[in-house]
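Only one chain comes next, encoded as structure tokens, the form predicted on its own.
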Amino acid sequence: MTGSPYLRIRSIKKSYKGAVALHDIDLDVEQGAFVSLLGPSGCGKSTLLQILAGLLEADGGDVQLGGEDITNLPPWRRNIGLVFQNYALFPHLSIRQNVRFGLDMLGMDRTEAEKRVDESLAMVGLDPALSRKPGELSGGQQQRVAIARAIAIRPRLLLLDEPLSNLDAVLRHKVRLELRELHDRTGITTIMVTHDQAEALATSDRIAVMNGGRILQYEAPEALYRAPATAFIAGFVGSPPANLVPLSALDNNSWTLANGQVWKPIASLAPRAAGVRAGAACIMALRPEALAVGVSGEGGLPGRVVAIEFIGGDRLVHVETGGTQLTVRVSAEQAMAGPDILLFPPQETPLLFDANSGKRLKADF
């Protein structure tokens, strides 16, 4: 990154009744970027978003936007657009009145405000002539109205709090593509909160993975997927996420699995190749799509098929092996022998993490 970041978050802290929600959060966001805060429920991502919006006061730290310190500014002076999870539309107002609401609060001239409403509705793919009220619209249309209201004020920053969580699966996929297209058209710096890693991977320039009130890793989606910093991230990012296999190095060439079973893989997957000393307890991350299934061959991991899910073009095969259940993604056309099979990981050195700290053991797999 060159120059100062457009959004600069430093040492943000927040606690509720003694429980720490955010631990010294630092984050830099470039102007025009689409960034997702990704993590499980309760990890602190919505708390951080509300602090950025000015709806919550941080216990410490500061926030700068476009070079201006906005830490203590009230929400209405920040010029930040916010789309709530439940859309928060006014049921008694028409669609146009909802979109114009923020402009009216700013005291904008009526003619200019109506022009902004037309532009904003058209930008999200809605007919500017809509005279209906929110209750007469579908969930997807309501979501678009909420976004139109947020961008009508031409915000310096757009905040999206779980914007797709109330939509069904088919509509969610469609609207997440529209979100990215809208971002590319407007160029508005955007921060989205989500627990859905597929949404984050599909829409974001960079993703901040959060857990326990901390940012664990902040990367571009592909870098986050290919080189997760911790076992938690490997087991959270991906569709399905990586299988996490606890094991320990028996010697230079073999692993001991959780149930005591010994696995002697091909040389590139052995402890020696990964630089792991004998006796070290590790977690190996194996991506479902990178595993192959067979009935014979060198270095296979013995397993038993316990369930198979058909998901269209692929199947998810759930396999019990070494005291751990793994998921394998295979083509729906692939014939499945079984129930006893062998799993074959890819030949490159695997993703390995320390069993105690969860941190990646090597940075150059």
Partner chain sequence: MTSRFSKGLMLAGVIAILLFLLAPILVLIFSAFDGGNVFRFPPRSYSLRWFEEALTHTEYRSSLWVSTVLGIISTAIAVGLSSLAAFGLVRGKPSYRLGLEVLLLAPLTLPLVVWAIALLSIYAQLGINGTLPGLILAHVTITMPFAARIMIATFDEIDPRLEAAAKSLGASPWHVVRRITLPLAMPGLMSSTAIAFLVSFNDVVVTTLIAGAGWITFPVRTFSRLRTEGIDPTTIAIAAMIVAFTIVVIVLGQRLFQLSRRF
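Positions refer to the first chain, counted from 1. Computed from a prediction, not measured in an experiment: that's the story for all the values here.
Only in words, not in the display: the form predicted together with the partner chain, which the text now covers.
Only one of the listed residues (N86, N252, S138, N72) places a non-hydrogen atom within 4.5 angstroms of the partner chain in the predicted bound form, and that residue is N86. Only one of K264, H92, H173, R185 lies close to the partner chain in the predicted bound form, with a heavy atom inside 4.5 Å, and it is H92. Not displayed here, the partner chain is kept clear of E289 by more than 4.5 Å at the level of heavy atoms in the predicted bound form. The partner chain is not shown here, but in the predicted bound form it comes within 4.5 Å of a heavy atom of L55. Not displayed here, the partner chain is approached by K133 to within 4.5 Å at the level of heavy atoms in the predicted bound form. At the 4.5 Å threshold, heavy atoms of L82 reach the partner chain in the predicted bound form. The stretch from 255-263, 100-108, 220-228, 279-287 that comes within 4.5 Å of the partner chain in the predicted bound form, counting heavy atoms only, is 100-108.
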